[in-house]
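Structure 1 and structure 2, given next as structure tokens, are two forms of the same protein chain, each shown alone.
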Structure 1
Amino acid sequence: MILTFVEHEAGVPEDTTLEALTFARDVADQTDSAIEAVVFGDEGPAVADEVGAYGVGAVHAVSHPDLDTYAPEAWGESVSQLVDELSPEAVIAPGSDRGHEVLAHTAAKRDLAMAANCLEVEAGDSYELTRQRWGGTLLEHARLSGETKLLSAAPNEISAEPADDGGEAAVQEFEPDLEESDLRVQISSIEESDEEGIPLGEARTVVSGGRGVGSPEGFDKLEELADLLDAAIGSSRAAVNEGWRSHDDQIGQTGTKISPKLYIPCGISGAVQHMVGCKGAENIMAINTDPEAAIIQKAEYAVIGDLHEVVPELNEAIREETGQ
């Protein structure tokens, strides 16, 4: 059996979870195994219908009076105890911050190896893996051994596809035996961001600016373009370091990773750290004065020119075309 850790928001599985389930189904097919899932939270059982469509036969809903909020060690201990009970062939998590953290705690508690950000698996007595390293700039071929294999699916790299024979998933309650030490770290409160508009990581179109924008006011025309395209606005690390934008807007290895259908970087050179954040974009249309800039070499479309001249003209052309 393949056990998959399910992340959800109010009972709706995250996109990275659906990718992990698709990845898990490939491993299950190779090992002739069933797929089951583990989920936390009072609203967790509500995921059953949707994950069932991805081939999950049973959902193990973790129930405990002290697990109302996220507690990484306790979640890792709960998964470890579930492994004792179910003896799965592998535990697979989405390649998210939380997925990695829970899996890492599980690995530490069971003294097992963990492989993160996997793209492909050839299952056998040991697993032959292809996985991302260095933010996706390097592909590593590795071997993973252990009584239970622990691995995560690289985010935004695997197309989420429902199973041909998906059905209903049964919900089974699981209550772990936790100690006070497992609950040393917990989320005490959650504050909603006051940022308005489309979340950067979910946007289908993203407009961003870098050092070439020149000032905080220089982003005004970029925000106008984003409004016209119903897009999110982002920035490079250089713009954040200058104090022109908040860190919430940063795209890159130490910022948000995006996977839009269209990405429009303006005045961004294309350093490796930035490209790690936008490599999931289907199309890049770069605006830059330097035809040799690294981001131009990665772009499907390029406009060689001053963004302060190009973007206003682009905004006007969109208005004329759309009547906005």
Structure 2
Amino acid sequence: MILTFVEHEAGVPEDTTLEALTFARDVADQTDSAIEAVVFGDEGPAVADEVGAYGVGAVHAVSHPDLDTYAPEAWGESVSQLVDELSPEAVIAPGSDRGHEVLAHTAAKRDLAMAANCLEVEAGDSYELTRQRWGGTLLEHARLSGETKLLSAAPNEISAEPADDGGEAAVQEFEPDLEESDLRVQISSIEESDEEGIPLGEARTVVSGGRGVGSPEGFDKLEELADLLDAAIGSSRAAVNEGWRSHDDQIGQTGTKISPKLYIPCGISGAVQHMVGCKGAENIMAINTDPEAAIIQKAEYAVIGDLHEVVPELNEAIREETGQ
């Protein structure tokens, strides 16, 4: 049996969970196993129909009187107890914050190896797998061994597809044995952000600037362009390190991942750690003085020139055309 950790929002599974379920189905097919799921929260059982369509036969809905919010160690301990009881072939989680955190706790508690951000698996006695390194700029072929294999599925890489023979999943309640120390870390409150505007990760158009912008004021023209295009504004790490932009704007391996229809990087060279952040962009239009810059190789469209000359003219042309 393959046990999959299901993350959901009010009973609706997250996209990354559906990807992980698709990934789990591949491992299940290879090992001739069934797929089951573990889910937390009062609304957990509501996922049964949707995960059933992805081939899950049974949902283990974890409930405990002291467990009413996210508690990473308690969740990891619960999964660990399920592993003890059900002896699954593998446990698969989405490669999300919670997916990694819960899986790592389970791994530590059971002294099992764990492979993060996997793309492909060849299941045997040990698993030959491909996983992401460097935030996805490099792939690693690795061997994972252990009685139960623990893996997370790389997010936004596997296309989620329901099973041909999907059905309804049966829900079984599972009450873990928890001690006080398991519950010592849990969400104590939730703060809503007062950010305005379009979140970078969801924007349809993104304009961004790097070291080539030259100064904080240099970004004024880019802000203007972003305004005119209803776009979000981003930056490279160099611009953040210079203190010109806040880290919230940073696109890349240690920043935000974007997936717009059009990405317009200005004065950005195209380092691999930046490019993994905009892999999801359908089109890249780079503005750069250097025709040899790596970003030009990776773009669909390129303008060779000084952004301080190109962007103001462009803003003017857009204003004329749209009457803004």
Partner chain sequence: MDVLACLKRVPETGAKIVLTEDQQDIDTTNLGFTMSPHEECGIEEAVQIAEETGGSATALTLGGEEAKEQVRTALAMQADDGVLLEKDGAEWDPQNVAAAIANYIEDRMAEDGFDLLVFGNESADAGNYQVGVRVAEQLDLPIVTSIKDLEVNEEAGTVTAEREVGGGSEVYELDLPAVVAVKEGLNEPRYASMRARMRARKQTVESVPVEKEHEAGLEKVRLETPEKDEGTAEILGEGPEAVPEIMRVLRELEVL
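Computed from a predicted model, the values in this text were never measured in an experiment. Basically, rigid core = biggest C-alpha set you can superpose within 1.5 Å across the two forms. Residues are numbered by position in structure 1's sequence, first residue being 1.
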Problem set entry | Either 1 or 2, the form predicted alone | 1
Exercise. Core-aligned, is the CA shift for residue 35 between the two structures 2 angstroms or more?
Worked result: no
Problem set entry | Did residue 52 shift 2 Å or more between the two structures, C-alpha, core superposed | no
Exercise. Using the core for the fit, does the CA position of residue 155 change by 2 Å or more between the two structures?
Worked result: no
Problem set entry | Core-aligned CA shift between the two structures for residue 316 (Å) | 8.4
